[in-house]
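Taking the form predicted alone, here's one chain by itself in structure tokens.
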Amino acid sequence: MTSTPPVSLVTGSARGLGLAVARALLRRGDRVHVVWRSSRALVANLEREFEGRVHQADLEDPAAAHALVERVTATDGRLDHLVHAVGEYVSGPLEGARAADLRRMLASNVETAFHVFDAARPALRRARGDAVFFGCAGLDTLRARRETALYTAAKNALFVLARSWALEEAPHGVRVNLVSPGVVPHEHAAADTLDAERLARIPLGRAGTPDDVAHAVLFLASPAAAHVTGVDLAVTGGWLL
């Protein structure tokens, strides 16, 4: 008897690390739903890869998050894995930063996660599924940041939410974890990830790749991680040790 393939929803998956994760899940055999917000030029390619499971949504809107999950479950009847790869990035010192920059980081990195998990929670409970959120390197250290304080502050807020969801949802069989990439150059990465001096300081001797991150997500969204919840899995090559 052939089991039904699991259903995965990957937000922020029109490009970059989210797309790498979506492709890895698709290769695994999942029924993968991808989401774009403003990358309309990429939709045709997405439709060729993820036919019938491509959605547009601005997840800063809670109604849009609920409508998205409803479309996923209407199509495939369930939701087993949620991967939330949404989150804008800003760098620079705090001196000169604007309140609008902080609000932007919180809205993009924290509020979107709050809305999509709230929407997905009932389906994940029914499936005894899991959720993976994207953090950033060094969340467990609470160390000061010279250039990424606003971004890291938002990711630390997400870290607290994710671990709290892990605790709340454990009685329902739902696992919640984070994956935190280090320096991962790719086509749509921030320019400072290409800094040669920064790359030279990675203990394992190389930058990360999108596949490194995708493989970590696949582990967290698999039976191999059935007893893993509330963790922040750093995919950093030792960066910030």
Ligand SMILES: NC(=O)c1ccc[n+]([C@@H]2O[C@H](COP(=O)([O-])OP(=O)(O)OC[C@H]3O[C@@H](n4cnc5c(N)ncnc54)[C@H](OP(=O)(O)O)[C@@H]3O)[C@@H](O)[C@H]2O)c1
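No experiment lies behind these values; they were computed from the predicted model shown. Start at 1 and count along the sequence shown; that's the residue number.
One more form of this protein exists, namely the form predicted in complex with the ligand; it is left out here, but the text below deals with it.
Think of it this way: in the model of the complex, the ligand has a heavy atom of just one of Val54, Val174, Val184, Ala214 within 4.5 Å, and the residue is Val184.
For the options Ala166, Val110, Val72, Ala85, the one in contact with the ligand in the model of the complex, meaning a heavy atom within 4.5 Å, is Ala85. Among heavy atoms of Tyr151, some come within 4.5 Å of the ligand in the model of the complex.
The closest heavy atom approach of Arg28 to the ligand in the model of the complex falls outside 4.5 Å. Taking non-hydrogen atoms only, Trp36 approaches the ligand to within 4.5 angstroms in the model of the complex. Not displayed here, the ligand is approached by Thr193 to within 4.5 Å at the level of heavy atoms in the model of the complex. For a residue to qualify, one of its non-hydrogen atoms must sit within 4.5 Å of the ligand in the model of the complex; all three of Arg15, Asp58 and Cys136 qualify.
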